[in-house]
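We've got the same protein chain twice here, in two forms, each standing alone as structure tokens: structure 1 and structure 2.
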Structure 1
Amino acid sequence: MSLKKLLKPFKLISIAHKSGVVTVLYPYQKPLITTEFRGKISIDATKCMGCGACVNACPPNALTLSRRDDTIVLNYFIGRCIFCGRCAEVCPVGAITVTHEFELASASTRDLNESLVHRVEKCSGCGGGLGATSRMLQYVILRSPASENYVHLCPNCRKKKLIQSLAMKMGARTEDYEG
């Protein structure tokens, strides 16, 4: 029994010798990153149209959409992101890519915010805010070409236009509306 105890350190040394060094020398050695690894997302400012589909899909609301005067701001708070990749899945124009970036430590939460500012289109009838960006309008027109006639109008102007065309059909004259 005591001999067994005495020999234990040698046994451990032989085991250690067999398994070798396992430590990953992280900053000097590349960490293991598979192709499926999900890190921080990156939003392509040349593709995103500010539709907010990603905001709806984001479980912890790391992505938020806010409307200020004539801008739509898409904000990404990395600190709350759980790197699930749902936003990249739902984005209709494929503006979001999941990168392999994980070295995100930061001394302030302000550095963990990324924003993308969109300008809101104006209604071509009354000049009021339309609530959509020009890329959203282009996207809609591409999907349904018939919408090109009214997509640049705000709901109020659309109503007016509809009533006007109905009235014209029923015999009203153009002068009644332009006066």
Structure 2
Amino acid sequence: MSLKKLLKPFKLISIAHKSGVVTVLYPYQKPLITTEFRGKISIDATKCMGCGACVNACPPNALTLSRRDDTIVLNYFIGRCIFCGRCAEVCPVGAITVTHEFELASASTRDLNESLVHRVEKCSGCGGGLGATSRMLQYVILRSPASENYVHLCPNCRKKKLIQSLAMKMGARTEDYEG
């Protein structure tokens, strides 16, 4: 064995001795949390529109989106979250922020679930579900004002309205194209 290998532990001990104590006596002392630290996410219910962009970007599937009857439910299961912050990066309206909260231990998994419920809008033509929330529709109108006449209609009603408008331009009777 070489002399260099034999002296390596003594070198490490001298480096550790110069550095001093770096261990924090948690929970009695607060740990150093930098501005880059990523903890639990926070979803602002007043901004979230239920689009699901965060769900598509979430690698561990901590965020899920489910559609039931006339609601869209965004569920955040903290137990699966890896605190990567990708959901906050892709949110088009900035509804998700990454907090510095990391003390998330719980005796029950129910405490690790957070849900946000959105109501689905109805089609103004037939009364069926649109599959979109009112905030989603407002977002579409804001980004594309030309869609304001069609955004409150389901795909079938949009198709009927388009056919009727084309038929009127061509001089045909609109009754022939209804239903």
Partner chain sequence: MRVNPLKKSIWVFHLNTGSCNACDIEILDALTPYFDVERFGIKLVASPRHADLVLLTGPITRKTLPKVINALRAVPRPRYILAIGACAVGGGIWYDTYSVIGGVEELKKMLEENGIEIDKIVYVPGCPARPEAIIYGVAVLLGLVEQKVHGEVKIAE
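All residue numbers here follow the sequence of structure 1, with the first residue given the number 1. Just so you know, these numbers come straight off a predicted model, no measurement behind them. Throughout, rigid core stands for the largest set of C-alpha atoms superposing within 1.5 Å between the two forms.
Matching the description of the form predicted alone is structure 2; structure 1 comes from elsewhere. In the core-superposed comparison between structures 1 and 2, Pro155 has its Cα shifted by less than 2 Å.
Relative to the superposed rigid core, Leu25 shifts its CA by 3.2 Å between structures 1 and 2.
Aligning the rigid core between structures 1 and 2 leaves the CA of Lys8 offset by 17.6 Å.
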